[in-house]
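We've got the same protein chain twice here, in two forms, each standing alone as structure tokens: structure 1 and structure 2.
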Structure 1
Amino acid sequence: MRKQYIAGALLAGTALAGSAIASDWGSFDGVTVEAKLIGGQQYEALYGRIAEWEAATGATVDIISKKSHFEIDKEIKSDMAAGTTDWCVGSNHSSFAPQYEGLYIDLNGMVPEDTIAEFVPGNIKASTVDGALLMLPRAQFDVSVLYYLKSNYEDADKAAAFKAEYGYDLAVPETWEQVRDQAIFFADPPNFYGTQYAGKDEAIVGRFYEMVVAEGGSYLDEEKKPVFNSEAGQRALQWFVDLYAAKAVPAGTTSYVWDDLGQGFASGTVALNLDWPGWAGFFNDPESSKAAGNVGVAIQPMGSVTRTGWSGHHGFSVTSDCPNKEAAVSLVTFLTSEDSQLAESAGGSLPTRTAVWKANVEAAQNGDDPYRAEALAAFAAGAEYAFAVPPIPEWGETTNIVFPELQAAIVGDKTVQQALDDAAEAVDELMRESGYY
């Protein structure tokens, strides 16, 4: 009880400190800021705070679009083609940001340096393209961690059988090789699967990319030449192929993306699941998940060199054509302020400000939710290995070239080497056409 009180006081204190600065959002009487924001229930708490900014500044926010980033991306491309980019604030994503040439302004100089320094440095780095700070990071600088069903590690018979077969103790996996062994061991298709992975679009390429890095390789070299068909790349892809061939993953995994994976683990039929922090609450909620109460969260495993850590994050940007950039910058700063992040991260999303991270971890440690504390500790430990995708406009396009080749190897149409060589050849052509070399 006392602990909770202290945590509450700590949060309130931080909030108070935040609101003391809140009077400084500027005055923009009569200005209307048009915004295209990411949509979803989990973001509504943040958008609910916009009224506060409106009251403080006298401006009005008109949300003209609320969609997923994939949908917003298509909408922005149409806007750029039609020249209708005079709305002001846009939700942005580190994987999409580099491709919108000239759409968003450089926030360096527009946002005080002190404010920028309050963010986690890695987030600011990943929001910067060619020296321009294209967005203020909002949340979810997320690295996927390992969710697992605890019951699999509490069964003495299973532990003995595993040791007899693989020669080492059955414990929550530390390496991707152990994940492979255990996934094959746990699998009992079509009723139960060892693991699963995203199987198409950018999702599988992101997963492959982080495995390549974990195996000590790179996706592109300094010149932006594709080098993912190296030995490290082949080892990375082999992992996906082995699991598929052993039927340790559902046959339909090649058509799964995030929602399918989340629902799959929540159905209680998957033993090990590398997934995003945003799912933590969902997985342990009896209303939404059959695995609730049986979920453990651990730091993501290692490849032969380092841990995986493909990360992306959301942020807010201001367009170059915005008629009132000061108001837009003020709104973006407000939406990513300490207050906003404290409110938002109370719902489970990960903050981008150092102070908010600290407050959250302390609150969880002092609170009475060991699962949340375990998850936050894993996220914090996992985030240390975070790396973003190559900040080039062609990233998305390379993923469209690469993913069908990865699928071809996984379903057995091509060998690992052949699939990666074909993908590298096509990406090489793209990079050449794009003028990198």
Structure 2
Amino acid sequence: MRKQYIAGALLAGTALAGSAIASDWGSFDGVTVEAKLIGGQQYEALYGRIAEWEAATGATVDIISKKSHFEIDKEIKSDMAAGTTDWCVGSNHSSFAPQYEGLYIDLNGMVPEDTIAEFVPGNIKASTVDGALLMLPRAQFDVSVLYYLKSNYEDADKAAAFKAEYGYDLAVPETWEQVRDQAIFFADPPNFYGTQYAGKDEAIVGRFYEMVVAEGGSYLDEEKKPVFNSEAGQRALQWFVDLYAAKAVPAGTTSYVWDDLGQGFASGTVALNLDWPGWAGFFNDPESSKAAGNVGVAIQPMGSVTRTGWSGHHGFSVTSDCPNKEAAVSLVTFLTSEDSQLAESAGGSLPTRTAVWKANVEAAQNGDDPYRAEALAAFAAGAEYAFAVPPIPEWGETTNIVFPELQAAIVGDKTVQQALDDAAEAVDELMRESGYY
């Protein structure tokens, strides 16, 4: 199925990609560009294209680190503290970019204006901090939707049992309350689980943040004071607590981040999974997923007020200490080019170039791949509810404070209210020390 995506997208995009294929990326014979990149199965197809850039330019790319973004973030901050930032290309993200003051160059002036204009304006805006374009967006615009195993909704016995227990018809959930009901109903631990969630680092705080918003609350107010220890915050955190207490999620969920979730759903042992676009092709590829052929995709569910929609996008940046910035900028431009984005988005991720987005939609509409069309429709609808994290350098630091408190409530070491109050008190101290009020 994933091969069908690639073929369809590339055929649809042949005309627009032709100029990109023929682009002159420069000549950098003997140059080595050191890179620190986010790792994960969904990123490998793009990295496989690096050999094409090397062949075209004569340069060599040395990937000196490949880790989850959370680990890369820690490593980069360690490099900044130690003054060892003379590597050249780094994976970046709109949620992380404001933290790296002075690390990356302004790509305005280094990248042609007409190239920058080919990206979705909103993604360029989110890649810009204090007027500096700190990264070029890759085909990884993220907003999560609901993946589900279709067979659970095609079983008459399950439907009858569910209605008898919960009083309403079993159907793909429209609300997070319904997700909780169904996850508990479907769960048969340790063999099968109703759902799962990322349980540590920024991952769980981001999920909590979007649930708070969906419940009508906020993470920080206009003065940057923490306000997540509200009724909306209590309802949001209680959702995580209830699922853990009911054993509807794997016992190890408090240590999960994105790769764990992707592999979990692909194992065919998880009924409902809120996840990112980049996994769409992986989940329905029989070579990588036991769920292939049984995967449905729907818009993310509603909270009490709106749908969840934590959003951001990945990109590539060039360090200020890079010894050959021209080569590094060439590599970054190549990795975010039209044909790179066509190839990467063929696996399900959402592109950040306008022409590539149009090509993917046309391929889905004109092709014979209903799953691809279903996934694109879900993500297009889900993107309408997208919202970013607070654009402050302290976002990441707040998540380091908040996630252990969320974990404490989930495993029962603290009450929901106590965990949120303790987290809010510590974040309040941070915001005061940072001079916001």
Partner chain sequence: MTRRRLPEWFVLLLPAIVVIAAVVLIPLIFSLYSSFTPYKLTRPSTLWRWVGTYNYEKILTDAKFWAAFGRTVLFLTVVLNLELLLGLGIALLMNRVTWGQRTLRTILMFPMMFSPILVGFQFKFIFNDNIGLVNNVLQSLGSDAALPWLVDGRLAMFSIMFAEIWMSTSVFAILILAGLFAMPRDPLEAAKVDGCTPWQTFRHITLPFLMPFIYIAMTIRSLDVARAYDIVQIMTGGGPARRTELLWTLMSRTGYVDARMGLANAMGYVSILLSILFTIYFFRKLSAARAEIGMAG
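The first residue in the sequence of structure 1 is number 1, and each one after it adds one. The term rigid core refers to the most C-alpha atoms you can superpose between the two forms while keeping them within 1.5 Å. Since the structure is predicted, the reported quantities are computational estimates derived from the model, not experimental observations.
* With each form of the chain shown alone, which structure should be assigned as the form predicted alone? -> Structure 2, which is the form predicted alone, differs in this respect from structure 1.
* C-alpha of Trp310 moved at least 2 Å between structures 1 and 2 on rigid core -> After core superposition, the displacement of the Trp310 C-alpha between structures 1 and 2 stays below 2 Å, so no.
* Verify the C-alpha shift of Pro323 between structures 1 and 2: is it 2 Å or more after superposing the core? => Comparing forms between structures 1 and 2, the Pro323 CA shifts at least 2 Å.
* Shift of Ala156 between structures 1 and 2 at or above 2 Å (CA, core fit) -> Shift at Ala156: below 2 Å after core fit.
* To do: On a rigid core superposition, how far has the CA of Glu54 moved between structures 1 and 2, in Å, if you could check?
  => Glu54 C-alpha displacement between structures 1 and 2, core-aligned: 11.0 Å.
* Having superposed the rigid core, state how many Å the Cα of Glu101 shifts between structures 1 and 2. => Displacement of the C-alpha, rigid core superposed: 2.8 Å.
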